[in-house]
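In the form predicted alone, a lone chain appears below as structure tokens.
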């Protein structure tokens, strides 16, 4: 047996051993998260500092103003981020899904609250230990900076969403965002809505009635089709993109 053939046979076995000894190697969202910047042979260092955490629907991960001592990666489920306005109203600032990173804070306290929408699984990293790991793996640090940049872009998009778009355009934009997230999982034309209509309204600055009317119009116009109470098919993604005012023509994508 040649050395080349022997190496090809051994490599899959080595990968299997790595996955067995390091749960991080078997993670379904690793390649899409910041962990994907670490080579498989170094995943043991990441696994050594992680704490796996489960949340039930409605459970708070942390409150706005809590001390920022941990960073998280979602591996399953949906988390909503929110802030409380001075008059007691809630403003949802975003929804996070598997592979998303949360807990970044420029100050010592979280700038928002995080709450489970449905059953959630997360990886929790103590902030000081993760920062030490970033010094060892610059590629991971660069990916983390990219996450921060994406958060800034998302905040700018939401400002446009709330300030300049009509109710129907806001709902269409929201569905476009979710559709592009689903594409990362290989689902090109379906969207899951684990959040309530009230949640969607609090994110888009609309009443629940307006959200429902907008979804009904999209259904009547045969742009979307409801499969279940939480799942819909995007029947006409190009028309949805036009309503959303998307700069680029809709097309499937598989990268962040």
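Numbering follows the first chain given and starts at 1. All of these numbers come straight from a predicted model, not from anything done at the bench.
Beyond the structure shown, there is the form predicted in complex with the DNA, which is absent from this document and is the topic of what follows.
S.K.: Please state whether every one of the three residues 176, 236 and 242 places a non-hydrogen atom within 4.5 angstroms of the DNA in the model of the complex.
M.R.: Per the other structure, none of 176, 236 and 242 touch the DNA.
S.K.: Just one of 27-35, 191-199, 46-54, 63-71 has heavy atoms within 4.5 Å of the DNA in the model of the complex; which?
M.R.: Contact-bearing stretch, as computed: 191-199.
S.K.: Should residue 213 be counted as a contact of the DNA in the model of the complex, where contact means heavy atoms within 4.5 Å?
M.R.: Yes, residue 213 sits close enough to the DNA in the model of the complex that at least one of its heavy atoms falls within 4.5 Å.
S.K.: Spell out, yes or no, whether the shortest heavy atom distance between residue 166 and the DNA in the model of the complex is within 4.5 Å.
M.R.: Yes - in the model of the complex, heavy atoms of residue 166 and the DNA come within 4.5 Å of each other.
S.K.: Answer yes if any heavy atom of residue 209 is within 4.5 Å of a heavy atom of the DNA in the model of the complex; otherwise answer no.
M.R.: Yes - in the model of the complex, heavy atoms of residue 209 and the DNA come within 4.5 Å of each other.
S.K.: Does the DNA come within 4.5 Å of any heavy atom of residue 40 in the model of the complex?
M.R.: Outside the cut-off, so no.
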